[in-house]
Structure formats: structure tokens, C-alpha cells
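There is one chain below, alone, in C-alpha cells, taken in the form predicted alone.
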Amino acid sequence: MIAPVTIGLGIFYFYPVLKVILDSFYHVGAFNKRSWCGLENYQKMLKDPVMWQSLGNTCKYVLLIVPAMILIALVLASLLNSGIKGKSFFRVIYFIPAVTMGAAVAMVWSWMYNGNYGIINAILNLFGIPSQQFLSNPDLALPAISVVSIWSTAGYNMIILLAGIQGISRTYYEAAAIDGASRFRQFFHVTLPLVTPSLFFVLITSLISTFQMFDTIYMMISKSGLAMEATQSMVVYFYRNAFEYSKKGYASALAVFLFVIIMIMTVIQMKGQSKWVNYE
């Protein structure tokens, strides 16, 4: 009964992983011409300034997106768990970006960020602020991309956190209210500690997805503009080496390096979660 799923995992997941690891030890050029090179790709990668720039950009995305997204998702989940009117409507509205195609999201936000006729610049002009080239200015492009990512993922994580909050027994809140705890103190002393399993899950998945950022950057930033260097993530650099420069062996080494980083981050978080649970 599990054979179809197992075969599918083997063909579409495990085999590609092993293939990428194997290809990282070869020069793989156009038309898949291969020649053994050992650790040369990894040595080249460690000396590649563009790779370190891309890794630094990826870390900036993580530092900008993950904390802001989790905070927004947690606040929205807490508000939607309260007695406000129209909760179902707001849940749908906040969740819609999570189920919208990435290409559509990138296209709409590109129009909004446009330096000539974008609505964001139109709003800025109302307050006397000159128009900004959000997607071509190296100083503004990375924060602009981060805003799009936060907007498109906060709703999905809000649903996960909302489910975690709704799983908390009301007796804890009733006991806290009897002891005189305000809503504010109930949040920090009841909701936050008991929703930590959901928070850890959101943190892990958010870190992994942010380290793998690709489509928003690739579709919104010009490949020949100065902003590409300031916004290019590791996955974008991997894609360009594999499919634009025909350096699939080197791209495979980049993919393995990114996999190791994500694995280490995940292990650290899992260890932290187990210690937190044991402490609690």
C-alpha cells in the first residue's frame, strides 16, 4: 500500500539528492558533459566572492523576514482568536496571499513598486516624498523583497499559530483571570508558553523557506541591474550557475553547501526545542 509513495519519494526526492551530491564532484557543462574534479568545486566555492555575497544576502533575508513574519503572524492569530466581529472574513483575507501563485504576487508587487506609476510611490508623493526606484536601487531592493515575502507568508503561519492557540484549554485562562491577570499578562504567561510547539514549527519552516528564497527575487529584480548583486540569494545563484552559465557541477556544490547549512540550523533548533520543552 505504501509502495507508490515510497517509489515516488525515491524517484523524485532521494535520487535527485544523491545525484546532486555526486555531480558536485564533477565538472558538468553544457549537454551534461562530465569530468571528474574531486573537491575543486568546493574549493572554488569557498574562494568565490559572489557566493559569499549571496550567502550574506540570504542571511539578511532571514534576519529581516523570519522575526517580523512570526511577530505579525502571532499578533494576527491572537487577535483572530479574540471576540472581534468578522473573524472568518479576516482569516480568509489574511490567508489568501499564501495560496496565491508566486508569479502573480511578484507581478502585482512589481507594479506597486514601479518607480514611474506604482501606487506606493503615488502615496509617497502625496506626503511630498520623491519617487523611489525600489527594485533597481541596491539599498532598497532587499528590504522591498523582504516586505513581499512577509506579506505572502504571514497568513499561512497565522493559521498554524491560530490552531495552536485554539488548542489551549480555556481553564488556564479562567484560572489566570481568577488570579487577577489582565489580557496582556495572560498572553505572556499562558498563551505564549503553551503555543511554543507551534512557534518552533513555524520558526523551523520559515527559516528553511527563507534560505530557499528564489521566485520573488528572480521575477522582480532585473538580471543585469545593480540590484541583483545586492538581492541575489543562494538559490538564485545556484539557478544561474546551473541554467544560465551551464556550470551544473559548481551549482551542485552550492546546493550541497546550502543543504548542510539548513540541516545544521534545523538540528540546532530541534535541540533548542527539546531543551525548552524539558525546561517547561
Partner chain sequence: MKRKQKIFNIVIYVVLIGGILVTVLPFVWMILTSFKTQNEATVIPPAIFPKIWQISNYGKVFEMLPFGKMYFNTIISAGVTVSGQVLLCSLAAYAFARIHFPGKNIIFTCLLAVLMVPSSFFILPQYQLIQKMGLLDTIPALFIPNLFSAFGTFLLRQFFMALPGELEDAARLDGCNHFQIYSRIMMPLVRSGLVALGILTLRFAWNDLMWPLIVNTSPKKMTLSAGLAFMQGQHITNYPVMMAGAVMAVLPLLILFTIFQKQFIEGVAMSGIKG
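Positions refer to the first chain, counted from 1. Remember, predicted model here, so these are calculated numbers, not experimental data.
There is another form of this protein, the form predicted together with the partner chain, and it is not shown here; the text below is about that form.
Within 4.5 Å of any heavy atom of the partner chain in the model of the complex lies no heavy atom of Ala68. At a distance threshold of 4.5 angstroms between non-hydrogen atoms, Gln186 is out of contact with the partner chain in the model of the complex.
For the chain shown alone, Thr196 is not a contact residue for the partner chain in the model of the complex, no non-hydrogen atom being within 4.5 angstroms.
Residue contact check for Leu142: none of its heavy atoms lie within 4.5 Å of the partner chain in the model of the complex. Within 4.5 Å of the partner chain in the model of the complex, a heavy atom is found for all three of Lys19, Ala104 and Ala251.
Interface residue among Ala176, Met112, Val148, Leu207 relative to the partner chain in the model of the complex, by the heavy atom within 4.5 Å criterion: Met112.
Heavy atoms closer than or equal to 4.5 Å to the partner chain in the model of the complex belong, across 239-269, to the residues Tyr239, Ala242, Phe243, Lys248, Ala251, Ser252, Ala255, Val256, Leu258, Phe259, Ile262, Met263, Thr266, ordered by sequence position.
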